[in-house]
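Below you will find one chain, with nothing else, as structure tokens; this is the form predicted alone, and questions on how it binds or moves follow later.
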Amino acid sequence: MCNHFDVIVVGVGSMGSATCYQLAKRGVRVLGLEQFNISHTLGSHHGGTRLIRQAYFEHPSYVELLKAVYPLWRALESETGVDLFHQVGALYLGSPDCELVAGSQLAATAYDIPFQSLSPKEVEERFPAFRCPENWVGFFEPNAGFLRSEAAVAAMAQRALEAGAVIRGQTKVVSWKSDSAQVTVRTETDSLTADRLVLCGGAWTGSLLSDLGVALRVTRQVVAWVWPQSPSDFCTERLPGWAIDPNPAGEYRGIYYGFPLSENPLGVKLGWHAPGLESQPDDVDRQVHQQDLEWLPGFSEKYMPRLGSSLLGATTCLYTYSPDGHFIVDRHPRWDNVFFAGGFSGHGFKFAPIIGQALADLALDNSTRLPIDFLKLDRRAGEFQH
């Protein structure tokens, strides 16, 4: 078996599967190496669903990438025949000047993204699952929705394989090195070489790129599934994807988020989007404890009284935070033939096809026309503020 490739991609999760697919469809001899299964439940992409939206409160600079990624998701659905993108809209609730609402409105206005402003009464009439405080507002983005995350990773990996990629699961990378001619990647059983290397290690990116000295924090997150008291109010016809910002203006500490009732996994999914317990990716407490879910009854009573607290299941996943909470996508500053993407900080999944496209561009052409300069490693300190 040939052990030399044009490009080796380390990590075949969200971004790695997309990169393998983009490279393979261009006729590149690509090898994807994944230490777990494809897909798996030990990283960041499991749990059934992920929000996709364009009115981006995190920072408007992401919006051009989001506008470009929507057609890529639809193309993947068309190519595979797999239902991935459910455009059911997204509803954001909070005070008019909280980060979620004000930031989303800023992005929507700047980039001509359709949205509707709703009064508390209009929110509760249109979406009866919610209780909206009188001093709050609703922001509804009709073109948003949710993605089926594990199905999407599998679909991208499948398309890569069909286009000629070699993908090896259960293959842990123990080291890599580069010189001006090629890269060498050593696994537990093999030594492999390539012209270029792309690192998409997710929560393991810190160890793969320890020489950069970038402080990537891995945090343990918990999501839950609940059977609602009034199921008809939580189906996709009456409940979009959603997020609730309970913080006063200028005091962002995280948001509640969730999805309509689903069959796989069963129930209404919801969670808290903010850094959890800092952990080492190989030593995460995977057990869900009672204290992890203590917030559920109070949340339900205050914001979704028809939800109740009939817990069906819960699981842990991982976020990998960059220092400023924004992605890092770039060429290695020391090695011209090594590229990487990491620090997706809990909001990266929706971007996977466009990040894969950008990484494929970089690996083949050393540049990309996609607007990712704001995600470079050496971006100005303070360019983004959360």
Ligand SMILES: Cc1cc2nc3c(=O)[nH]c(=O)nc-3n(C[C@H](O)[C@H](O)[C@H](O)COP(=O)(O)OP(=O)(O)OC[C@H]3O[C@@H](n4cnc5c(N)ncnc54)[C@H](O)[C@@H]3O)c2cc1C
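Since the structure is predicted, the reported quantities are computational estimates derived from the model, not experimental observations. Note that residue numbering follows the sequence shown and begins at 1.
Below: the form predicted together with the named molecule, not depicted.
Have a look at 319, 340, 62, 57 for me and say which one sits with a heavy atom within 4.5 Å of the named molecule in the predicted bound form. Looking at the other structure, the residue within range turns out to be 319.
Please pick, from 267, 89, 138, 201, the one residue with any non-hydrogen atom lying within 4.5 angstroms of the named molecule in the predicted bound form. The residue from 267, 89, 138, 201 that makes the contact is 201.
Choose one stretch from 292-300, 169-177, 94-102, 110-118: the one whose residues place a heavy atom within 4.5 angstroms of the named molecule in the predicted bound form. Result of the contact check: 169-177.
Check whether residue 14 has any heavy atom within 4.5 Å of a heavy atom of the named molecule in the predicted bound form, and answer yes or no. Looking in the predicted bound form, residue contacts with the named molecule include residue 14, since a heavy atom lies within 4.5 Å.
Answer for residue 335 alone: is it within 4.5 Å of the named molecule in the predicted bound form, judged on heavy atom distances? Judged by the heavy-atom cut-off of 4.5 Å, residue 335 is well away from the named molecule in the predicted bound form.
Since only the chain is shown here, I'm wondering whether residue 51 would be in contact with the named molecule in the predicted bound form (any heavy atom pair within 4.5 Å). Yes - in the predicted bound form, heavy atoms of residue 51 and the named molecule come within 4.5 Å of each other.
Even though the named molecule is not shown here, does residue 234 get within 4.5 Å of it in the predicted bound form, heavy atoms only? Flag for residue 234 set to no.
Just to make sure I understand: among 28-61, which residues lie within 4.5 Å of the named molecule in the predicted bound form, judging by heavy atoms? Residues within 4.5 Å: 33, 34, 35, 36, 40, 43, 44, 45, 50, 51.
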